[in-house]
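One chain follows as structure tokens, the form predicted on its own.
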């Protein structure tokens, strides 16, 4: 203990108040454990403050502006003006409402909240440095600790987030003036979501991606409609290119790129090197776990070669009294996965028979159109020894999709041919992020194709496409040709 520290003790110490940490703290409080939650920045973590919620707010606002100005087919003629500063204020209001709710919920469940940065002093104590000069520090002894420090954007050489024209996703979402031109480095889900936002608001967007396709983590027939829609919005893609640097020009900046594979990329993009003029460059090439500030060595907690803390099916690290949840515990880096891990960690500490089951973790990309997946793809099912039965239903055959003016994409279900048990699903199209929940529940409950197909779905809704895809897999689809 440092001289001057105030020493306190707690049953459960949670480090980080993101969706993994604050859920763990609330659940532990519900289970009558004495809980202390330490947060160095803002309650709600990256998800509520800088990631999921603000980006979805901006996506919604951009959709409203774009759709209002592109609804002539419906007989609507409008020329919307975008006030980005007001839009950001509205987004910040949504964030404030949610983060304030997190703080109140924790207090209501008896969680002791401490603002500051925690680092381990030994296997059973941390030192918390409070923010600001003269705020002091304190030592907290714990019986159990839950690490939920999340992740942070990865910088690439030549592009420091400290440089004004270079943005990470958090900085891009806080702009109060719309850039005329933006280069986006990275065509993963963050790059594609924010590229779409800025393109819909009127920015001229160029995307540079090291690999040969957008959204490389998803099946090509899911990513294809997203790239097509992005190109219709005017987004200019350059694949097989890596960003090497930027320089100031008379009217902005110039971003330089280099072909990853010189011969192939030169043929595709017209040269081994390229330059793109812009006002801002946003780097979205991935995220890394935040473990470097924790002094994990003092606690004896180990990380793998990628810096993630490995855990078992109860969220326990190599030290059985220390748990890790959320992004810091590895892929997939999804808020809802972190929340469930936090819940399980709290219940295990309380002696409950809880464990993690990752067979039905949904994922969603809030592009236009949206992509959502859960469980196994057809290829993954084959690799695991199943004989998959696959059914699809296109949104162009959905009456509800047509009435929304958005009928791109499809619902696909993957089941075991012999038993009919659902194994996975993939959706690209309107409200994919909402529709995937039904299929996630079906997989979790051990439902079969017959179960979903026999469930009466409201008409006319997009959810009918889920039922129709299951009927298609069974060979008796009504509103589309059977496979």
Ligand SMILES: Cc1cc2nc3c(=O)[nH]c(=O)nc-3n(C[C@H](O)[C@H](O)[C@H](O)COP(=O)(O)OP(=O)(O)OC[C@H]3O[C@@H](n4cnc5c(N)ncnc54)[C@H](O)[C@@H]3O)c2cc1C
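Residue numbers count along the first chain shown, from 1. These numbers come from a predicted model, not from an experiment.
The same protein has a further form, the form predicted together with this ligand, not shown here; the description that follows concerns it.
336 is the sole member of 229, 254, 400, 336 with a non-hydrogen atom within 4.5 Å of this ligand in the model of the complex. Put simply, of 432, 443, 47, 414 only one has a heavy atom within 4.5 Å of this ligand in the model of the complex, and it is 47. Contact between residue 116 and this ligand in the model of the complex is found at the 4.5 Å heavy atom cutoff. Proximity of residue 38 to this ligand in the model of the complex falls within the 4.5 Å heavy atom cutoff. When contacts are judged by a 4.5 Å heavy atom cut-off, residue 17 counts as touching this ligand in the model of the complex.
Although the partner is absent here, residue 457 sits far enough away that none of its heavy atoms falls within 4.5 Å of this ligand in the model of the complex. Here the chain stands by itself, but in the model of the complex one stretch of 322 to 330, 178 to 186, 201 to 209, 218 to 226, 322 to 330, has heavy atoms within 4.5 Å of this ligand. Contacts between 142 to 159 and this ligand, taken as any heavy atom within 4.5 Å in the model of the complex, involve 148, 149, 150, 151.
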